[in-house]
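For reference, the chain that follows is the form predicted on its own, supplied as structure tokens.
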Amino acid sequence: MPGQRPASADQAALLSALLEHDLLIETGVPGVYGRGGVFEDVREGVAALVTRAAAAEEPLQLRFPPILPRSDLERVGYLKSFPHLAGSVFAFNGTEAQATEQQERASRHEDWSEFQEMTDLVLTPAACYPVYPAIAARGALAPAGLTVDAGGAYVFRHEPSGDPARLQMFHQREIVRIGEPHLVEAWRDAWRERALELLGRLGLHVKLDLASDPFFGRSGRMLMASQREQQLKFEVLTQIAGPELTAVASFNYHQDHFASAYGIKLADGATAHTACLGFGLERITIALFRTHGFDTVAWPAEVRQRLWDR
């Protein structure tokens, strides 16, 4: 497939094992898989663990579907920074004759894209994106700012790969902090340490590292360098299927990027700052199977107790 990342032998072997044990279900498209019941049991356990870890902050609970208005993606400049990852929703809006021709071409697996038109929807690239316009609509923040639990929504990144830890559609368990800069930075720093402990107690060997987003093109390389220089992004890494360590959680400090785009104001009228943390639930789940084996009954008692309280 054009643009598909090749898989290493280790990645291919892990994917084969996950499929063989009915943890992932083949669809025929790289990076898009169904999930078996045991896999989902682990993934939901990891999500619940994050929920419990955040409970003391009493975050505002918001949930959104895995699509959002195209105008939101345009407003925050996503197509400038990540055009290679975006997914747009197209739909048919034609005549009966065109519908017939579309079906005939589709039945022959020929190109039928000319009968599709762009809609007002795109696939959500990060679970935090719908949070900002929703909070902006509420007016100025309270003096202490706000923490939002955005749940574990499906998100989409167009990067087909044979690496089972690099999916095109996956769950991102995300929490967002909005407020004064010093409060937001302190929150992010606290969660970096909390995440290391949380994942380490699941038996994963994890480390924290400075990181950058995969910005596009020549200007993107400058953005990556600036992001690293300002230490705006960190990741928690662990071994899944090499040869390099894989990020299973990330911590991004956006400064005033999203708040400026939507007009999110502090109590004194100044523009707020935002940060988010995101746990890649499928990556953590796969890392747990790789570490502890494919039979969850045989997993260490402490890991089982932390995931399922049983």
Partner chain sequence: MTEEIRQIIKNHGRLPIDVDTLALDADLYQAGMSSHASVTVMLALEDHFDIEFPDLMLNPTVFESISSIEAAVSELRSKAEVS
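Numbering follows the first chain given and starts at 1. This is a predicted model, so every value here is computed, not measured.
One more form of this protein should be noted, the form predicted together with its partner chain, which is absent from this view; the next part is about it.
Visitor: According to a 4.5 angstroms non-hydrogen atom cut-off, is E74 in contact with its partner chain in the predicted complex?
Guide: Output for E74 is no: heavy atoms all beyond 4.5 Å of its partner chain.
Visitor: Might S226 be said to contact its partner chain in the predicted complex, defining contact as any heavy atom within 4.5 Å?
Guide: Heavy-atom contact with its partner chain at 4.5 Å: present for S226.
Visitor: With the partner left out here, check for me: in the predicted complex, does some heavy atom of H257 sit within 4.5 Å of its partner chain?
Guide: Residue-level check for H257: yes, a contact with its partner chain.
Visitor: Find out whether any non-hydrogen atom of S212 is located within 4.5 angstroms of its partner chain in the predicted complex, and reply yes or no.
Guide: Output for S212 is no: heavy atoms all beyond 4.5 Å of its partner chain.
Visitor: Check each of R201, H84, K80, R138 and return the one that places a heavy atom within 4.5 angstroms of its partner chain in the predicted complex.
Guide: Contact residue from the list: K80.
Visitor: Pick from S219, Q231, T100, N93: which has a non-hydrogen atom within 4.5 Å of its partner chain in the predicted complex?
Guide: Of the candidates S219, Q231, T100, N93, S219 is the one lying within 4.5 Å of its partner chain in the predicted complex.
Visitor: Along 25-45, which positions have a non-hydrogen atom within 4.5 Å of its partner chain in the predicted complex?
Guide: The stretch 25-45, when checked against its partner chain in the predicted complex, contributes no residue at the 4.5 Å heavy-atom cut-off.
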